[in-house]
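A lone chain, given as structure tokens: the form predicted alone.
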Amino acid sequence: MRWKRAAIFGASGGIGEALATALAGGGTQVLAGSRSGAIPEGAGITSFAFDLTDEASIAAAAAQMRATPPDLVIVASGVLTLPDGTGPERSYRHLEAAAMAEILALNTIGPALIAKHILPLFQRDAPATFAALSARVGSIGDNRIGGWHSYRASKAALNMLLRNFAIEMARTHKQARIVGLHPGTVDTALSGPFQKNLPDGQLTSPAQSAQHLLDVLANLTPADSGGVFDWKGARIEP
């Protein structure tokens, strides 16, 4: 499956920029969104501005797409370490309400609000895909070591919402695909503080990650809607 028109929310990040570039290089018309409006350079890429914490800006961005809706939407935003340096909590003793609320706002509520305004644009009788970057650590069943409380919780909640949206959309949009994607460990600012002890070969470039994720998305069917998949295409347990 290939796409005519895609919207990338979070196109100024490493993975988002690589996704926009790869899609445009394959002939897809790309709408690339960021808070600043800065976008990757290249033919076939048009910018738009949005703020994950401002629903009005998300609604305005969706309104701009209404006349010619995208058939692929990827939410490529997310946060692991906050701008003030607050990182993932290794113990419940380190939980702080304000930091937890900010992480949930960016990793869970923001993508949910994007879905709220974008999913109504999908055509009922045509294939369309909505994907959000998630993480394997959001799996409750796969949690072996604990820690990273706010980040894990935000991704677990995101995965639940994606499943909810998939169930609801299946009632009216039989060809829709609503999924979460685990990109693996990618050489971006998000993973930077945690790359030191990685085994050789585990770190991928943004360009490699983008191609892996697009290959996964291209092979999904409506029966996969509601699932979370890693960069190899394997389903991640809830």
Ligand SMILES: NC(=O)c1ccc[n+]([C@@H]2O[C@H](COP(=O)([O-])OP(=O)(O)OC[C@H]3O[C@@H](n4cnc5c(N)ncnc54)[C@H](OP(=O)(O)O)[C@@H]3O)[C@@H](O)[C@H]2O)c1
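Sequential numbering from 1, following the sequence displayed. Here the structure is a predicted model, which is why all the values come from computation and not from measurement.
Unshown form predicted in complex with this ligand; subsequent notes refer to it.
Colleague: Only one of Leu52, Val179, Ile45, Met169 gets a heavy atom within 4.5 Å of this ligand in the model of the complex. Which one?
Modeller: Checking each option against this ligand in the model of the complex, the one that comes within 4.5 Å is Leu52.
Colleague: Would you check, heavy atoms only and a 4.5 Å threshold, whether Ser134 touches this ligand in the model of the complex?
Modeller: Contact with this ligand, yes.
Colleague: Even though this ligand is not shown here, does Ala76 get within 4.5 Å of it in the model of the complex, heavy atoms only?
Modeller: Heavy-atom contact with this ligand at 4.5 Å: present for Ala76.
Colleague: Contact with this ligand in the model of the complex for Thr188, defined as at least one heavy atom pair within 4.5 Å: yes or no?
Modeller: Looking in the model of the complex, residue contacts with this ligand include Thr188, since a heavy atom lies within 4.5 Å.
Colleague: With a cut-off of 4.5 Å between heavy atoms, is Val228 one of the residues that contacts this ligand in the model of the complex?
Modeller: Although this ligand is absent here, Val228 would stay clear of it in the model of the complex, with no heavy atoms inside 4.5 Å.
Colleague: Counting heavy atoms only and using a 4.5 Å cut-off, do Ile15, Leu106 and Lys155 all touch this ligand in the model of the complex?
Modeller: Yes, all three are in contact.
Colleague: Only one of 160-168, 115-123, 139-147, 78-86 has heavy atoms within 4.5 Å of this ligand in the model of the complex; I'd like to know which.
Modeller: Stretch 78-86 is the one.
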